[in-house]
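Below, in structure tokens: the form predicted alone, a single chain.
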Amino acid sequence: MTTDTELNPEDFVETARAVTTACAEAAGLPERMDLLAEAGLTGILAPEAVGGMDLPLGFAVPVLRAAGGGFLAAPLLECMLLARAFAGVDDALASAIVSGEMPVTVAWSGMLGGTSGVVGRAPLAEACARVLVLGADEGGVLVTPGEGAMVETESTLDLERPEARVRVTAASGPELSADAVARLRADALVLRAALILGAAEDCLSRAADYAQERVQFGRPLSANQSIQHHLARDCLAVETIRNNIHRSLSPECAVPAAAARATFVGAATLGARVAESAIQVHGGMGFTWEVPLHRHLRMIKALAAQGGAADLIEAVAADLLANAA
């Protein structure tokens, strides 16, 4: 599909926001996946041969920004990437993912030892039909719960996309090569940054609105210089995340893999800082259910763990030191 004049990534923003809002009223994951598929969001990256749009990764960014800001309770990131990855490997499977008939997810933490083992951090695995698990050969297998794999509840931070672990006794199912998994994981870093960007934008917007509306001692909170400094720093952090995503997707980016790592690590760090700052602006009310800033913070922390932010910080630092040398 040509994208020069026909489509722009921002063309998807309003649709993504509307669908995310509709998903909040849906009864369960099957209904949410139907809404996402009807809007074409599950197949943005997948080839046209399996019902997708065959668009570049940048077109998924505004969609996931809307999902992150709107508390979307669906494995949209995982479905987008797996629909593209399995096209050409198992077209029927890829088509089922694009159509919303088969919700899928990825166990982002851990690797199998041979054909068995326990992996974790699989968002919404308990409601999904298949789960991609990673092997020691760096490839992946899409297992089916109940057929040599068991999904177990895991203590989780993210309330919208609760994680689970997967106990595999005999891994069998469609497979992805090590190269396909490497591409999937690299692209997931940028898309997680987009989810975090959406959450951070919503946190900043809520904090700015509250600071202007809340009056203390006869003056709005926004008249307090320390609050102004808080919001200014948070605005800069949000713009930094946005610019990093843009840079990592630019055709002029010389080292896209390193840029993707840096983009994700920066988003995980700055996004959490923005959420925490917004909670502080709201005071104790920031932790209440009617002001869901803490839910954004929990989601950002969960996304950071799924992408292995702690380990990647060391990798990014090593890259910077090597380039400096």
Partner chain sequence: MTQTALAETRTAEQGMAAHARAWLDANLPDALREDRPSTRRNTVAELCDWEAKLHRAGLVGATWPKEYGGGGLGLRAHLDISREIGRTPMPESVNSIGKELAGPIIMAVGRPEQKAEYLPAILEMRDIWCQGFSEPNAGSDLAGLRTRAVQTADGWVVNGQKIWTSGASKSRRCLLLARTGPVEDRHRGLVLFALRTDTPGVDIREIQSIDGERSFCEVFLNNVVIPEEDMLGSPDEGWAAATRVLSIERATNRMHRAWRFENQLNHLVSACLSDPATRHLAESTYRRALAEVSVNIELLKGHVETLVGSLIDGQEIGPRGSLPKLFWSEAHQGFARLALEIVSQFPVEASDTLRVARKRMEDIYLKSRAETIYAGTTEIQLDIISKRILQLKRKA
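No experiment lies behind these values; they were computed from the predicted model shown. Definition used throughout: the rigid core is the maximal C-alpha set that superposes within 1.5 Å between two forms. Positions refer to the first chain, counted from 1.
If you look for the form predicted together with the partner chain, you will not find it shown, but the lines that follow are about it.
Candidate site formed by L93, R185 and V291: none of these residues places a non-hydrogen atom within 4.5 angstroms of the partner chain in the predicted complex. Using a 4.5 angstroms threshold between heavy atoms, G286 stays clear of the partner chain in the predicted complex.
The partner chain in the predicted complex comes within 4.5 Å of a heavy atom belonging to V316. In the predicted complex, at least one heavy atom of A208 sits within 4.5 Å of a heavy atom of the partner chain.
Contact between C235 and the partner chain in the predicted complex is found at the 4.5 Å heavy atom cutoff. Though the partner chain is absent from this view, in the predicted complex it lies within 4.5 Å of a heavy atom of just one residue from D137, E101, E147, E239, which is E239. Taking L204, V190, A127, A171 one by one, only a single residue has any non-hydrogen atom within 4.5 Å of the partner chain in the predicted complex, and it is L204. Heavy atoms within 4.5 Å of the partner chain in the predicted complex map, among the stretches 156-164, 116-124, 227-235, 79-87, onto 227-235 alone.
Shown without its partner, the chain has no residue in segment 59-91 with a non-hydrogen atom within 4.5 angstroms of the partner chain in the predicted complex. In the core-superposed comparison between the shown form and the other one, V316 has its Cα shifted by at least 2 Å.
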